[in-house]
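The chain below stands alone and is given as structure tokens, in the form predicted alone.
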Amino acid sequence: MSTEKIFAPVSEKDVSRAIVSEFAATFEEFVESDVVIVGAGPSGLTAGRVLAEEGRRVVIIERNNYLGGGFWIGGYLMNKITARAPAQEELEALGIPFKEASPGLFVTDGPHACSRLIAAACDAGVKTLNMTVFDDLVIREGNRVSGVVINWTPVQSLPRQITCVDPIALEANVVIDATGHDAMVLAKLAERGVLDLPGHDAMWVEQSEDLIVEHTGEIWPGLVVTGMAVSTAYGLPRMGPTFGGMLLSGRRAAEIVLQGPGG
């Protein structure tokens, strides 16, 4: 066996300490943020990137062990994604190669597009907490949303007898629900009977994307809804495997936050 050393002399404890200390430092820093985004799909990542580029402290929580939502895999497990004009401008701005499949309809590789979208958010300063599930809202005076309650995703899989693992909270000026058709954040308000949640309508691509961008905005004091969660919030048609509406809705959500009192 060769005795020549290629790598630096680092032990297991050094690796563990580096992970623990850096994660703890980041977590402590982002316990209080300008914006918490729930859901790291295309709308959440886009909103986070735009906000971070404007100097806002942004953390995205994601229940899965990966980021990007359906942006990775497109429709029917065929990893091509489509975007209708003018959403190709978002792809172009991120340096994502695409081609025109038919007039006004553009197609690109999902993994390439998603990787660029994630990298752009990270480069802008967005921090992410994956394997982290949204549990509830923090609501304070004036009935304003002021943060989120979170827990580790694996806690949900524990046997019932040992699931008493208390969650913790993150404070924020604004919370964005980017959880897709589940609209998990809005559902907590619906459970309390203070918000009507009609659910999304049937698919109608041509109408859905315009309506979703149009209805993106603050739905409750301190709570902004974006992406597919908008269709669930207002009973709008679902958009199917085309992603331009999600990208433009994410940008619109960020712009609304920047214009508002919490932005």
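Don't overthink the numbering: it's just position in the shown sequence, from 1. Being a predicted model, the structure only gives us computed values, none of them experimental.
We do not show the form predicted together with a small molecule, though everything after this point is about it.
Contact annotation for residue 180: at least one heavy atom lies within 4.5 Å of the small molecule in the predicted complex.
Among residues of the shown chain, residue 58 is not one whose heavy atoms approach the small molecule to within 4.5 Å in the predicted complex. Put simply, residue 215 is far from the small molecule in the predicted complex: not one heavy atom of it is within 4.5 Å. Interface membership of residue 36, defined by any non-hydrogen atom within 4.5 Å of the small molecule in the predicted complex, is ruled out.
Across the options 41 to 49, 215 to 223, 24 to 32, 190 to 198, residues that bring heavy atoms within 4.5 Å of the small molecule in the predicted complex belong to 41 to 49. Interface residue among 124, 94, 107, 133, judged by heavy atoms within 4.5 Å of the small molecule in the predicted complex: 133.
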